[in-house]
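The chain below stands alone and is given as structure tokens, in the form predicted on its own.
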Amino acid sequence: MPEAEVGPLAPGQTGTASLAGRRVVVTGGSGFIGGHVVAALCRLGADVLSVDRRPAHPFRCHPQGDHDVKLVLGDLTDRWVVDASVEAGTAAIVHLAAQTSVLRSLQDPQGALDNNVTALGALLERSRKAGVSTFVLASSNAVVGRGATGTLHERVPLMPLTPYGATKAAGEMLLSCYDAAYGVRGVALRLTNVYGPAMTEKDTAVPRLMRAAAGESRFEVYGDGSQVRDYVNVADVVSAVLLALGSPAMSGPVVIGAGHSVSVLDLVALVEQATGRHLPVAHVPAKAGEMPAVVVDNSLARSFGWSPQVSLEAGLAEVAREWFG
């Protein structure tokens, strides 16, 4: 797109139409969620720059397949990558790149800190200097940790249980600071368990269940499997990202989840139903730092006009078709 069309969002601009011709940087753009976000932004006519450690692969989501997407290859813990990614005239940043494994953060807390806090701080500072008007951060309900004793909402105190949750909480605080002090509008989307097409490389519950259905491995259930989780489809996450980008009134943390939780054992049964296959299951001891329940209230997101559109049954059926035809 012509360079002259690229610039910050005007204060009065709202909706996804305001993204046409605007430079939007997506970190982690070659990943599972990132690939879907990049593709959606391209369809809206945004001038997209993807930042990732590796290029997108066709089997993942091929966002670059039909679109002219600029790409910066590198690690955001390297300052030159941050500088190359955010230039003057950038309208918005969608920050998805992170160390996302809770278990890995317990093994390597310094790595989680470097990837989830230090890199974010450098990106926010570069955004301030470049005049970026909007910053959307992928956060997590893991920020509440010990506070997860009832329905989770944006006002639950931050009490993370793991380095991963702590780094996401720190990221939200940095985002709040740059919003209040420098006018970089920040939205922290607290995502529940995201699933959907193009996650064959992920190691979260749904792809592990699909691998078990394919006979590649047993699915490990931590504890008795009664713990409940909220599963949100990636299509609904993309719509939340687009809403955050195009809604100047939205800022701070916003819970993005289906608003309906199921137990791990119920999820196993739903995947068996979707695939028509029996899943080998093994119960193992519960992991440290695991939240006993994730039940969310998504009413704040709904007040901005967002609502989940993909049921868990329909979403799992779509994933099963991708894996098994």
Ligand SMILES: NC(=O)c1ccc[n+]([C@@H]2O[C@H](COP(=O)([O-])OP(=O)(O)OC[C@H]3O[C@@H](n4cnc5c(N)ncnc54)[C@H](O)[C@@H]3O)[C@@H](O)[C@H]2O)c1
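Residue positions are given as counts along the sequence shown, with the first one as 1. All figures in this text were calculated on a predicted structure; none of them were measured in a lab.
The same protein has a further form, the form predicted together with this ligand, not shown here; the description that follows concerns it.
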Closest heavy atom of D47 to this ligand in the predicted complex, within 4.5 Å or not?
-> no
Hey, in the predicted complex, does V194 get a heavy atom within 4.5 angstroms of this ligand?
-> yes
Would Y164 sit within 4.5 Å of this ligand in the predicted complex, counting heavy atoms only?
-> yes
Determine whether any heavy atom of S176 comes within 4.5 Å of a heavy atom of this ligand in the predicted complex, and answer yes or no.
-> no
Candidate site E172, G186 and S247: all three near this ligand in the predicted complex by heavy atom within 4.5 Å | no
Considering this ligand in the predicted complex, which of V86, L96, A92, V255 comes within 4.5 Å of it through any heavy atom?
-> L96
Find the only residue in A138, A240, A112, L124 having a heavy atom within 4.5 Å of this ligand in the predicted complex.
-> A138
Tell me, please, which stretch of 296-304, 259-267, 32-40, 276-284 lies within 4.5 angstroms of this ligand in the predicted complex when heavy atoms are compared?
-> 32-40
